[in-house]
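Below you will find one chain, with nothing else, as structure tokens; this is the form predicted alone, and questions on how it binds or moves follow later.
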């Protein structure tokens, strides 16, 4: 009897085994770096190494078991990559705590990582089909906008370090924009699926570009107005860039029209320039960016360039290969455990280490975009593409800010920086990406049935 010519469908158990090995390797790399810090500072392995190792390993094993049970076809690389970058951040925070540096706490970071993993698991358990989110399109949009503007509510919002991006409950503070970005990506995906045919229609042609019809500019103008409002009222360039950039790119994914990207760039650059002319705090931020070495800005007590310059000095001290973990002085960089953790890492791991970390982020984004390409329905494509871009865009904004490529923003490095709101929100983002990946990579029932028949015939 001849064999049936059917392409074999890879069994999830095989991929899960490979994933577990990669996960164990990620934890071992982190523990090796952790031991290196202790040996460099004290000449001995840190006393709490076993505790931290078991804590991180146990958390990731729990995440793996939930993923293997409830999303067995999900991309096997995403969780190990996230574990590695999260662990590297934990090591750098421990190194800063040992410096010592006020505010740095590896214990708090491992606790927040644990809560993040719980949210990751809960998201996978509750959301069995991510396409159910499409029915909540406008609810997600409302939630996102409310979260975004909540820091402006008197008595609820708090201004910290010159930016009003926090809400407080007693001594606890939350940065709601981190959660708003996820809700808004869900809204953008659902809205653009419903309206993409209209938004793809061309109007007049200017040079080599087909411009959209004037009547279709409404969504872009509304999103632009909200983004500029966040920049002016909350003094938050990071969330403003994240919001508007995410919408424009998802609009491009939905319509495949370059004109939307050009219009978006012109609107944001023009709006930011106008805001800089009309509002002094916006203009000051651009002045500091353009002249960071100016004595006037460097010595300014608040809103100056001292942080940026110290971060650049740290990167310069690290050079190509870095000073080595535990052998530099990253504690001299203000907020090295949060906003400037990229610079602190660069001082001790050098440009080589930073390139490796950026490659990890690039791989996470690549797996997300691959999920977008493999998805079978428009909503899944837009959701996976939007979540992947938001992660990549946030990394670019923070790295660009701390290296003075663009003005400094209030965002933090995903998974690495100390801080509860960003870490928790990004673990939820990864859960959504994993859930979408599971649906995209899961073979149709007919393919699984054919694979079973093929195995029977081959026997």
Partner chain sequence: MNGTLKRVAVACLAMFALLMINVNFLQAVRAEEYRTDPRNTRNYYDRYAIERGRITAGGKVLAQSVETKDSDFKFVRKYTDGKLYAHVTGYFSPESESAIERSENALLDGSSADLLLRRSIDLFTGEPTRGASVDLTINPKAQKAAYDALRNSGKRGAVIALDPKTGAILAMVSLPTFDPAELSGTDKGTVFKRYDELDADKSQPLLNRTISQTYPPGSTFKVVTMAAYLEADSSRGPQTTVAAPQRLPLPQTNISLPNYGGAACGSGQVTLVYALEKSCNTPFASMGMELGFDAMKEQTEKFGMGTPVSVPMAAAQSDFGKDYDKAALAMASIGQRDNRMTPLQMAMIAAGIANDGTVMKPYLVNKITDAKGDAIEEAEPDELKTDAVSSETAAKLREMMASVVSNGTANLAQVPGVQVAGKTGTAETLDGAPPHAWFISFAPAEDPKVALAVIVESGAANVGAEATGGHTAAPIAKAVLEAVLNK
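Numbering follows the first chain given and starts at 1. Keep in mind that this is a model prediction, so the values were computed, not measured.
Keep in mind that the form predicted together with its partner chain is not shown, yet the notes after this line are about it.
Just one of 166, 389, 191, 224 comes within 4.5 Å of its partner chain in the predicted complex, counting any heavy atom, and that one is 389. Comment: its partner chain is not present in this chain, but in the predicted complex one of 286, 273, 279, 298 has a heavy atom within 4.5 Å of it, namely 298. Taking the partner from the other structure, its partner chain in the predicted complex has no heavy atom within 4.5 Å of any heavy atom of residue 235. In the predicted complex, its partner chain lies within 4.5 Å of some heavy atom of residue 396. When contacts are judged by a 4.5 Å heavy atom cut-off, residue 361 counts as touching its partner chain in the predicted complex. With a 4.5 Å cutoff on heavy atoms, residue 155 does not count as touching its partner chain in the predicted complex; it lies far away. The three marked residues, 61, 107 and 195, fail to reach its partner chain in the predicted complex, with no heavy atom of any inside 4.5 Å.
Note on the interface: of 176 to 184, 114 to 122, 370 to 378, 73 to 81, the segment with non-hydrogen atoms within 4.5 angstroms of its partner chain in the predicted complex is 370 to 378.
Residues 249, 252, 253, 254, 256 of 248 to 270 are found to place at least one heavy atom within 4.5 Å of its partner chain in the predicted complex.
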